[in-house]
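Only one chain comes next, encoded as structure tokens, the form predicted alone.
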């Protein structure tokens, strides 16, 4: 009888993979403890919800058919015929929203703790890029059920870049695959959602995690550490896994109690129903476009709003190079006040959009 010695197999892998070096690094790494330590968990939660997205997304791909004639019916089949299909789809949709929410919280906490200061500029830039990719997931995945709300919300969403000077029309045609939303649009959104964005996200997530392990966890400026920092492995990892378990139970509970619904099938000949709004993470832009007048002096109001939001995203990326005081490990009250005003504005516009 053929016998495999487990110790020999383990030794074979240890001699060919840098397991000992990795374990030495993980056990020597320390996570600082202070009054803001709780915010560290949101980065791990974002990673957890992304993993859930990947797993449930693969399961949904087995049955989904990305054509206007079959997309809606395939979603109905998943929800009504596939065993636990409704739960997988509901979990996928809720995890997407929670992933975006935890990423927003993580980015905001990093901003106010000035964790983007040298030498962590690339960590901040990769995090902002991840935010853009995650928002891309939300936008491209919204059309896939091919129901009324998804169809007309995507129609409105793809028209927004149209007002941008010079490149706006080209961006709209690139997203739609033509002048109107149709089969080409669904194919492009599906390809972006299941191939392009996941590959880009995996690459940036890998870079972000590598930089996090290399530089370690940042401590807020002029924050007093506690004497007993936490060893990353196994102490902090066990705490992180406990948070993941709580998040998983909460996600399943929400997915079962409030299953993600499906509206009527999209009909391009029907007029758009009233009350069409994008998902909550696009509401600040949507509400701003609603309240801004068509013309502001000599400028087109919609184009001006799009340019301002685009410029804000660029400023967010280059923030570590703008905030000179952070290089000297000093607090920058002005940057924090501006950030707080913008945050209040975004939250306010989201609330107003729901109330409208």
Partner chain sequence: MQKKPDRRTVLNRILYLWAAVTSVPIISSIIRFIFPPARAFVGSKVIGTVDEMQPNTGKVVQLGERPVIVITTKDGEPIAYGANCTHLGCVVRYREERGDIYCACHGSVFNIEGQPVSGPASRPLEEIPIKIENDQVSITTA
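In this text, all values refer to a predicted model and were calculated from it rather than measured experimentally. Residue numbers count along the first chain shown, from 1.
Beyond what is shown, the protein has a form predicted in complex with the partner chain; the following relates to that form.
Listed residues 156, 209, 237, 129 were compared with the partner chain in the model of the complex; 156 is the one with a heavy atom within 4.5 Å.
Checking 261, 271, 165, 119 against the partner chain in the model of the complex, a heavy atom within 4.5 Å turns up for just one residue: 271.
Using a 4.5 Å cutoff between non-hydrogen atoms, residue 205 does not count as a contact of the partner chain in the model of the complex.
Among residues of the shown chain, residue 81 is not one whose heavy atoms approach the partner chain to within 4.5 Å in the model of the complex. The partner chain in the model of the complex comes within 4.5 Å of no heavy atom belonging to residue 216. Mapping the unseen interface onto this chain, residue 193 falls outside it, with no heavy atom inside 4.5 Å of the partner chain in the model of the complex.
Using a 4.5 Å heavy atom cutoff, none of 53, 65 and 265 lies near the partner chain in the model of the complex.
Only one segment in the set 25-33, 290-298, 312-320, 44-52 has any non-hydrogen atom within 4.5 angstroms of the partner chain in the model of the complex, and it is 290-298. The partner is not shown here, but in the model of the complex the stretch 300-338 reaches within 4.5 angstroms of the partner chain through a heavy atom at 302 alone.
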